[in-house]
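Next up: a single chain in structure tokens, the form predicted on its own.
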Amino acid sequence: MNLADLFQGVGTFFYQEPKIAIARVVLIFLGIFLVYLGKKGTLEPLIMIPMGFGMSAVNAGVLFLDGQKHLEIGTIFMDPLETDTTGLMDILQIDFLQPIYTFTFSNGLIACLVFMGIGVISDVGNLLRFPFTSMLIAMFAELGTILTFPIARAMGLSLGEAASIAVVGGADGPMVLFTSMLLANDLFVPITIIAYLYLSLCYGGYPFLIRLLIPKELRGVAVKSAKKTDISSKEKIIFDVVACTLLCLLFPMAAPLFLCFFLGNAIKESGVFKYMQLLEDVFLYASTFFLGLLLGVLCEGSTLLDPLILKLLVLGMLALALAGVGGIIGGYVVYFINGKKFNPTIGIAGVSCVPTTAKVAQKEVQKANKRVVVLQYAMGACICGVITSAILTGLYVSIIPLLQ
């Protein structure tokens, strides 16, 4: 027995292609760095800490799967590419995360569970208080989702791949996961990883975009108060039922996402505490944890060496940048419509990373004027952004298969 067989995590480096070995080392250190950034709060800790651990562990824990022949190298975490039923039954008994991946990731269930949890922590009351403002901003914030598609096509991506990476502009991770599983299954792993990495960067990137495009004096503008302030639970539930039914009727391919979001919100408004506790404390946090962990484990060096990855990295960043610019343009439009009695910073909240972008807007406003509170307007735009992103996702997953 040689040292390569005894310490296989290290030994496999010498039996792999140099580019894969180098990618493994880079990803090990990147995983450690993500854990650090998550702990520090620079990136979203709920996703980044389990993702960082998974990324480091999967690239360190590589072994010889065929004993001492050193011909087949892999891990016993999971195999996302296995489709043969016999082989799948075998690895379900061996790879410890395979059951979670097979029964929640590969069919989009985990995206639906996360969406149900998001529904529970969301308040559609702000959307109903300011429907015109919220909808207008959210529509402009879909600029990234719309413009990235033709750009991706021009860069050589297929219709399904272009649509999947364009949905990153909606800044809604479960939506990207759902779309890529349906339209670009072969690129599901890198597209979803890119989406979640970039969504965490909303914390760091969007404040600079706001300062670049909005002068300080406008960031401190107080918003004209609305006449109607109270929205009853009855009104919210009526909205949930009607909106869910109508959107499912129009976009049945995205019906699972609509159902989960509006059902979660209706349960919250109904005051069924046990269900609220189940959806928020169990479903949302368990799904988010395993989402981060499995995304990290999917970051094997060999998986991420596809030449398309660089294009996806550029397009994902472009989609989110365009979404932010579009949202701010929407904020300016409302600013002028309201006779300059609106804060254009709220526009960034139209990018539907709930509640991150709303908090970013409020934080930047308070830096300019500590007495101004825009969070209720920002949350209205943010929740509406979730709905508009789901609508565009429904359009993509319904139309793209007909064009291929």
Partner chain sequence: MNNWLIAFEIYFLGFIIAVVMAAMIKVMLIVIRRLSPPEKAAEKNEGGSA
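Here the structure is a predicted model, which means the values were calculated and not measured. Numbering follows the first chain given and starts at 1.
From this point on, the text means the form predicted together with its partner chain, which you will not see here.
- Proximity to its partner chain in the model of the complex, taken as a non-hydrogen atom within 4.5 angstroms, holds for one residue of Asp230, Glu72, Glu217, Asp84, which is Asp230.
- Of the residues Tyr196, Phe77, Phe283, Phe149, just one reaches its partner chain in the model of the complex with a heavy atom at 4.5 Å or closer; this is Phe149.
- Partner contact region in the model of the complex: 235-243, out of 283-291, 172-180, 235-243, 97-105, criterion any non-hydrogen atom within 4.5 Å of its partner chain.
- Residue contact check for Leu395: one or more of its heavy atoms lie within 4.5 Å of its partner chain in the model of the complex.
- Although the partner is absent here, Pro252 is not a contact residue: none of its heavy atoms lies within 4.5 angstroms of its partner chain in the model of the complex.
- At least one heavy atom of Leu403 is located within 4.5 Å of its partner chain in the model of the complex.
- Taking the partner from elsewhere, Arg153 is found to have a heavy atom lying within 4.5 Å of its partner chain in the model of the complex.
- Within 4.5 Å of its partner chain in the model of the complex, a heavy atom is found for none of Val114, Leu279 and Val354.
- Taking its partner chain as positioned in the model of the complex, none of the residues of 168-189 brings a heavy atom within 4.5 Å of it.
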